[in-house]
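The data below hold one chain only, encoded as structure tokens and taken in the form predicted on its own.
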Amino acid sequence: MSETPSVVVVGAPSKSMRQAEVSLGKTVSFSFLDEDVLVAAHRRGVPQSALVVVVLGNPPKENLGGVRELASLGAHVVVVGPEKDADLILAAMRAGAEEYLVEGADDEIRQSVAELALRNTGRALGRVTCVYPAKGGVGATAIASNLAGALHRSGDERVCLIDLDLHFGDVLSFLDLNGGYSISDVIANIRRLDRELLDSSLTHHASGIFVIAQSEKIEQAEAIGSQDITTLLTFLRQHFDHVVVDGLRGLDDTTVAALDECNRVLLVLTQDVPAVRNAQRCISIFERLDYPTEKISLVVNRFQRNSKISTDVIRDTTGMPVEVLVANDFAALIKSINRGVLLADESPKSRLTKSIDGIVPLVRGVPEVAARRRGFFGGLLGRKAAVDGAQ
């Protein structure tokens, strides 16, 4: 069984770290110790693989001596401070901290702690890509399914395709798969699933990608909340190089949780007025949710070069450039769907296949993008206002 990432928290009481424990508790092992006990443990050589989070109290610099001693003993130390103070950050780094985080920035703390804790086990978190349709019928599922296959083919990487439309998802139908181990099954068994058991439980497509959907277990879907989605995606990132998310509709809590967790959002639209207007609206909401612009990529599906709604029109309307043009080849697509295979297997030379293959560098080759920068809409109430205000 693979080693569970572990985090040891010392220092002042921290609501943010308790929130991180709730969010990551099924995928990361947390313990809260006195600083003296932890220093003594490190002197004995344990727990060397744990990430140590030192929460600074008041006055904050009084805890930096412990940071310095833990770091000198080989511990990987992160400091959580009360504020963004340049002098305090510099002092923490000089004491040996690997990162400085600000108390109250719950989402940033959760993501950083998860990534650093996993890195201490010798592994790295995979990347999450959300394929988000500006409106229904723009072909998001076709792009998500074939992108997952393209990622697997191009680097022989472990890829998981997850359908988060918990009631009427299309991924299983597109790939001619029967429902098996569901999303709710994975969530319920996260604590006991190592990689071997996970691989044997999940649905496996002939192309080599793993697939998770809620399938026919619709009655269990209502019990899946936003926190479950955060936990699920954090868990999947520990076991897959890439997680491609389909089935996002609207902006309910589970959809926003997935968007928060992903590294890149592929916002899919077509060259028609409703789709472009909805894309503009989506971008406005993403801005209110404080997503960095480099996290969002506009993808025009079924591209028609002679359309009056050109890429320039889309750019001027949405305020963002089009990054990806996906060719229009309905005949090839419908053949692949009817056979339950990917485009690359049905029509490897199709312009549509090559278009989707061209998305791979965008998803894989960009620098890591933080899921969200905190700002005016960083807190829960502000984030809810951001979504509700755009309805």
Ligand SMILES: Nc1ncnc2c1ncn2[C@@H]1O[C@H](COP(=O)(O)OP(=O)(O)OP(=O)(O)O)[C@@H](O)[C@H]1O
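Start at 1 with the first residue shown and count on from there. Because the structure is predicted, anything quoted here is derived from the model rather than measured.
Separately, the form predicted in complex with the named molecule exists; it is not shown, and the next lines address it.
Stretch 322-330 is the contacting one of 322-330, 65-73, 51-59, 26-34, since its residues have non-hydrogen atoms within 4.5 Å of the named molecule in the model of the complex.
Listed residues T254, T231, N301, Q111 were compared with the named molecule in the model of the complex; N301 is the one with a heavy atom within 4.5 Å. Here is the short version: of G126, G104, G139, G96, the single residue with a heavy atom within 4.5 Å of the named molecule in the model of the complex is G139.
Judged against the named molecule in the model of the complex with a 4.5 angstroms heavy atom cut-off, the residues R249, I337 and L352 are in contact without exception. The named molecule in the model of the complex comes within 4.5 Å of no heavy atom belonging to F210.
Heavy atoms of F286 never reach within 4.5 Å of the named molecule in the model of the complex, leaving it off the interface. Although the partner is absent here, F174 sits close enough that one of its heavy atoms falls within 4.5 Å of the named molecule in the model of the complex.
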